[in-house]
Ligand code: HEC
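First, one chain by itself: the form predicted alone, in structure tokens.
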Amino acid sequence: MYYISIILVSLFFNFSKTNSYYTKRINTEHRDQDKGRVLLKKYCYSCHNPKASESDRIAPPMIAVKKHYKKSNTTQEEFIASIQNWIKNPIKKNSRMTGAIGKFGIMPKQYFSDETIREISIYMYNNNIEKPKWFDEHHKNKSKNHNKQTKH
């Protein structure tokens, strides 16, 4: 009986350590995701705000940025590198959004650390980005117009 008690006690402590490790890992991953979301809202939404009406916006919403920079075969590291390249050197040749440049002009150069851009990019890559209410309709109309132009 003594040995069974020792075994049960050791199993209990072993389980609680494993469970604690698992909980810490999950909490760390969640905290990292929150960091990217917070940075996105803090630094990007001042211009790329998903709450702005279609007529009042001063830059494309971040969901549009994600759609242009992340294709089905784009890796996370490629996505991060593309976003960093654009933010560090916002010139027309580095953009994947020539229509947005035509409408809004070149984005002013931003001075964010590589780590900040990386955190924001990782969040964008791995999560659904908030969409403006008008976005789906706008995107659908844009696709229709593009298809009409390519048929002629």
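Just so it is clear, the structure is predicted and the values come from calculations on it, not from any experiment. The first residue of the sequence shown is number 1, and the count goes up from there.
Another form exists, predicted together with the ligand; not displayed. Remarks below refer to it.
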All of Ile63, Trp134 and His138 within 4.5 Å of the ligand in the predicted complex, heavy atom check: no
Contact test in the predicted complex: Val38 vs the ligand, heavy atoms, 4.5 Å: no
His48 within 4.5 Å of the ligand in the predicted complex, heavy atoms: yes
Proximity of Arg96 to the ligand in the predicted complex, heavy atoms at 4.5 Å: yes
Non-hydrogen atom contact Tyr123 with the ligand in the predicted complex at 4.5 angstroms: no
Residues of stretch 105-127 in contact with the ligand in the predicted complex (4.5 Å, non-hydrogen atom): Gly105, Ile106, Met107, Pro108, Gln110, Phe112, Ile117, Ile120
